[in-house]
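Okay, here we've got a single chain as structure tokens, the form predicted alone, with questions on binding and movement later.
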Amino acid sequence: MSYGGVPIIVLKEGTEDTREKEAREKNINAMLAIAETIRSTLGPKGMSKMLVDTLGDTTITNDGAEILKALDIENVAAIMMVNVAKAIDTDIGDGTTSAVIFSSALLKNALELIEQSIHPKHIITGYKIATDKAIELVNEIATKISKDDDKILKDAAMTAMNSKDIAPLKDFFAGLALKAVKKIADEENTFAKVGNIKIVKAAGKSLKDSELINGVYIQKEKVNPAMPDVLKNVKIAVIRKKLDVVKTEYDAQIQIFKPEDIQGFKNQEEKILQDYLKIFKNMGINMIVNNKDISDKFGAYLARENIAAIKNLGDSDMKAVLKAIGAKQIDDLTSLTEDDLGYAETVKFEKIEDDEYTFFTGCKNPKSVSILLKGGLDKVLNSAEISLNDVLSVIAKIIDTQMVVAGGGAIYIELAKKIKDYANKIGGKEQIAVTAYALALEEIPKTLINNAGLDEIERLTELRAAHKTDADKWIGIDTITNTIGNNFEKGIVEPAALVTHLLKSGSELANLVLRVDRIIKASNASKTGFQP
């Protein structure tokens, strides 16, 4: 930097200063490298990646979100792309890989326009115009369904599983996931309630032995080994009360004249515990769930009365139990009433692998349920759990929004066609950017075609030609059968919310990166990590 021909140094020695074209290229190339890392995982015939952590443990997965979590990335722009992908995974439950592919395509096309002397300002404006129009089009052409349309919901679940390791059992798991979501469905926001579906993994059996439990598993053992292993027709008190007594302290101000006085103090402690026990016995309670402590002494009292108990539960487990059994949490035992109690047909204490669980089942109108996920190996179970969480989220999102589109690239080909037509109505250099946006939309079906080992030019040309009228909007590629047709009729569907979220976040990220014309990096900044 100079002023009046005199050089002025404003940055500390060793600071890295990258400007204009080089800065944009550096950021965009880093993001393109991220996209190339996970591009091959997209679709039913996508490939998997082997992830090796610092301890040498390996994980084989084709889940884009899991791969991105494992990458050690330094470039800030690339980190932003990963965060956008994670946001889609959090807000929708699926679509991480598609989001990265679309974002990178927007940036790659933008870089080509910049090399043609198109100013980033025109590209940013064009992308904003195209995004607004694309979201408007999705809302127009998406199909409205009923939240009770189980066929569409199950189709969407199976579509989400097509690229997962559990795809061979997609019909089984789609049915299981749909039943689970229906159990916890909420009138306003079912997606927010997906956390009420607990997935418990049990190694040693087949995935086909997995089952939906009309209740919950809590990783807790009973307070006393003498307590019953199985309870039937269970009345349950959920409390937040330490079931113990404060030890009597003897100090210089207490004068003990007779041994009977010491016994009196002990009798008073005993009476407190007996009063607690009497409350539970009089109400016919045979199970206690407590997020506070229960003393060994009181645990023995409960065991003698065939009352079971678990203690020191965390907040999430307490919420799960309350929602499953329909109880109210009570702090003051003297105010406990019948209306506060929960119910379960059975409470069972059992060991799964090396962990002790309390199993509540046969609950009345539960708002919290469990999926007991069984499988032969830990790695199989872990992969199945990740996939199942995605599927549960997709079903819940569709129940909330009641809007779906055809998968297999159909929606993106249709949008690309309409955005290209729309570009012809726009003047100036923004028109070029809108057309570049349309080409970026085609990157997702193009990737599906490539990952299936099909001829990209031939199939993409065929797809474009097939979208002649609005009636052809759901024509896409089915990479399982390698055919082009109406994917909606084939049951290949996905949430419309996934597409709108992808369009909006992808465009916002691209525009944010295009606004950066200088990278100033401190001299002591880390040099480690993934540097594409």
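In this text, residue numbers run from 1 along the sequence as written. As the structure is a computational prediction, the values presented were derived from the model and not from experiment.
The form predicted in complex with a small molecule exists for this protein as well; it is not shown, and the discussion that follows is about that form.
Of the stretches 477-485, 462-470, 503-511, 28-36, only 477-485 has residues with a heavy atom within 4.5 Å of the small molecule in the predicted complex. A residue is said to contact a partner when one of its heavy atoms sits within 4.5 Å of a partner heavy atom; T447 fails this definition for the small molecule in the predicted complex, lying far away. Although the partner is absent here, T59 lies well away from the small molecule in the predicted complex, with no heavy atom inside 4.5 Å. The closest non-hydrogen atom of N162 lies within 4.5 Å of the small molecule in the predicted complex. A residue is said to contact a partner when one of its heavy atoms sits within 4.5 Å of a partner heavy atom; N286 fails this definition for the small molecule in the predicted complex, lying far away. Of the residues given (T358, S370, T97, S103), T97 alone sits with a heavy atom within 4.5 Å of the small molecule in the predicted complex.
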